[in-house]
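First, one chain by itself in structure tokens, the form predicted on its own.
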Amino acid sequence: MTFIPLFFVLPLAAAFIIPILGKIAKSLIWIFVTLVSFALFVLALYGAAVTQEVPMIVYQMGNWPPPLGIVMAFDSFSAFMTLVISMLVFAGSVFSLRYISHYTGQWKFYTLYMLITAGMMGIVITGDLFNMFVFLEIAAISSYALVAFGVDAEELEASFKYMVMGEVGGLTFLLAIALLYAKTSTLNLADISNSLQLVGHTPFFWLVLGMMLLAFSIKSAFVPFHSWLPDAHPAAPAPISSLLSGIFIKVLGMYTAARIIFNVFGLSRANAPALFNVLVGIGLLSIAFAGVTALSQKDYKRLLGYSSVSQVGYIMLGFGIGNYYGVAGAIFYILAHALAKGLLFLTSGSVVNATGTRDLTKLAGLGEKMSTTAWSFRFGSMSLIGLPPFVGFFAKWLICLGALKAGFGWLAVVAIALSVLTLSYLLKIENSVFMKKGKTQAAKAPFTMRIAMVFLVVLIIVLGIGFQSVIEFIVGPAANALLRGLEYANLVFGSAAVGF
């Protein structure tokens, strides 16, 4: 299946073409990037359709078979993640036209935008651990530059803090890879999985897993490793904030953690209950602490940043529950949060573009002046809170159902109760910016910005109404790909492959 490398080859090639376009036809850059983003969206839909027929597609780079060569392993979980990434990348590219028009060096923005896309896509399709690290660093380094893109003091400080924290996580991951390679003499994920079963659950096994979970917790901004995120998101341009919060932290942290725990280390609640209880604890801590902290924020985007820290806690909660409904709920919540939080950050960009401020105390009366932005915020908020029939409701419902099926009724009650925090801090923005009467000067959002927001609103509504089909064709197969556990290795070695 030769389409698999296109997920990272297309944006990587685009990143090299954009500087050339910047020299000869700057007006074509946005069109080119948007077309590439849409092509990735179509490719992801095709990939999701293909994985309905086969459980795993393995692509051998250079015709070298595993474990000798680098392989791309594409299953239902990979297909799901590429689809979510492509949705946010496409929406952000459409939104960016007018938003970054006042920046100099726009071609640099779009080059970095394509590089961060290539990095994320590479992470979710690679079957090689070191390759995963390389793609992770491509995405991470691009994000550091994008956070600092405006080169103001605030942005440079936020980027530096983010870079320090991010590289601590990256180097921890690299050290864990080195230890694994020294023990197993392989970097192929499937081969590592087979080797670890011979090692058993020794102190070495838990040490390496603990180091990886530490790295992924930093990348996902779980409490107490969250401090970089509320600084980085307000500093970044809105399309990047949307991407960072919507999917970036989930790819670099949640996808990698889930893939390693379930498919490489072969762990489940049945054979590692203590680990999964720790995951539940991390999730609850992040939901509660960051949710309470968000209530005191006066910066539009900083509040949404703390909200992201809180909301990824629900994803960890689902994975920690560990049964089918919990894992499916976590995966569904990756989609629901990506759409809702991606949309909310785009609304913040629309407001900042129109008013020049993020201060909630200086914003009022925009509900009528910026009606598309206001209603986009409301739809995104209702989904994030978990109101039916929006997509967020069904994701939380699956997580709570998983808790009940696992005998953790108290956990379902707590998860529902903590949604009050989400309601409270989102109402703060609604009341301050859109409902409150005021004389804040603002023009209607540009057409491309409104199109991007409406695109995500439509997805939130349509995927919510059609939740059964989403679970059956996208979320359920992705959950089963994780819950197959060690069968991942057999599928990698047993699947047909094509050379590159």
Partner chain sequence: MSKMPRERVYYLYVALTLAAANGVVLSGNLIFLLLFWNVLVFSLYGILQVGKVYSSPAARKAITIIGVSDYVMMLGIVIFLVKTGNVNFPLETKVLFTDTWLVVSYIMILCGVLAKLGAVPLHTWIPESAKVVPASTLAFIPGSLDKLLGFYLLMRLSYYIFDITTYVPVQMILMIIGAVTIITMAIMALLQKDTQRLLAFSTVSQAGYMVLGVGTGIPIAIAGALFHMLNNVIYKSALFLSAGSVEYRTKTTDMDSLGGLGVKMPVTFFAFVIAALAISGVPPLNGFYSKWMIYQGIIETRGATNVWFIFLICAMFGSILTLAYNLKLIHSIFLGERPKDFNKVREARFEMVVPVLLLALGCIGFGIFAQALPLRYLILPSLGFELGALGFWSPTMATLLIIVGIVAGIIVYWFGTAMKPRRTSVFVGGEVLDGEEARITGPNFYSSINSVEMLRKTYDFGEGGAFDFYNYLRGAASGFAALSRDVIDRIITELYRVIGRIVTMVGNLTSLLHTGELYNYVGWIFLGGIIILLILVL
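Numbering follows the first chain given and starts at 1. What you are looking at is a predicted structure, and each value in this text was computed from that prediction instead of being measured.
There is also a form predicted in complex with the partner chain; it is not shown, and the following applies to it.
Novice: Going by heavy atom distances of 4.5 angstroms or less, which of 289, 408, 325, 393 would be at the interface with the partner chain in the model of the complex?
Specialist: In short, 289.
Novice: Though the partner chain is not shown, can you say which of 165, 429, 94, 363 has a heavy atom within 4.5 Å of it in the model of the complex?
Specialist: Of the candidates 165, 429, 94, 363, 165 is the one lying within 4.5 Å of the partner chain in the model of the complex.
Novice: If you check in the model of the complex, is residue 262 within 4.5 Å of the partner chain, heavy atoms only?
Specialist: Looking in the model of the complex, residue contacts with the partner chain do not include residue 262, since no heavy atom lies within 4.5 Å.
Novice: Residue-level question: is residue 275 within 4.5 Å of the partner chain in the model of the complex, judged on heavy atoms?
Specialist: Yes, contact at 4.5 Å.
Novice: Would you check, heavy atoms only and a 4.5 Å threshold, whether residue 371 touches the partner chain in the model of the complex?
Specialist: Contact check for residue 371: no, nothing within 4.5 Å of the partner chain in the model of the complex.
Novice: Taking the partner chain as it sits in the model of the complex, is residue 83 near enough to touch it, meaning that at least one heavy atom pair lies within 4.5 angstroms?
Specialist: Contact with the partner chain, no.
Novice: Can you pick the stretch from 317 to 325, 408 to 416, 213 to 221, 337 to 345 whose heavy atoms fall within 4.5 Å of the partner chain in the model of the complex?
Specialist: Residues of 213 to 221 come within 4.5 Å of the partner.
Novice: Give a yes or no on whether every one of 284, 448 and 455 sits within 4.5 angstroms of the partner chain in the model of the complex by heavy atom.
Specialist: No.
Novice: Do any residues of 287 to 305 have a non-hydrogen atom within 4.5 angstroms of the partner chain in the model of the complex? If so, which ones, in sequence order?
Specialist: The stretch 287 to 305, when checked against the partner chain in the model of the complex, contributes 289, 292, 293, 295, 296, 297 at the 4.5 Å heavy-atom cut-off.
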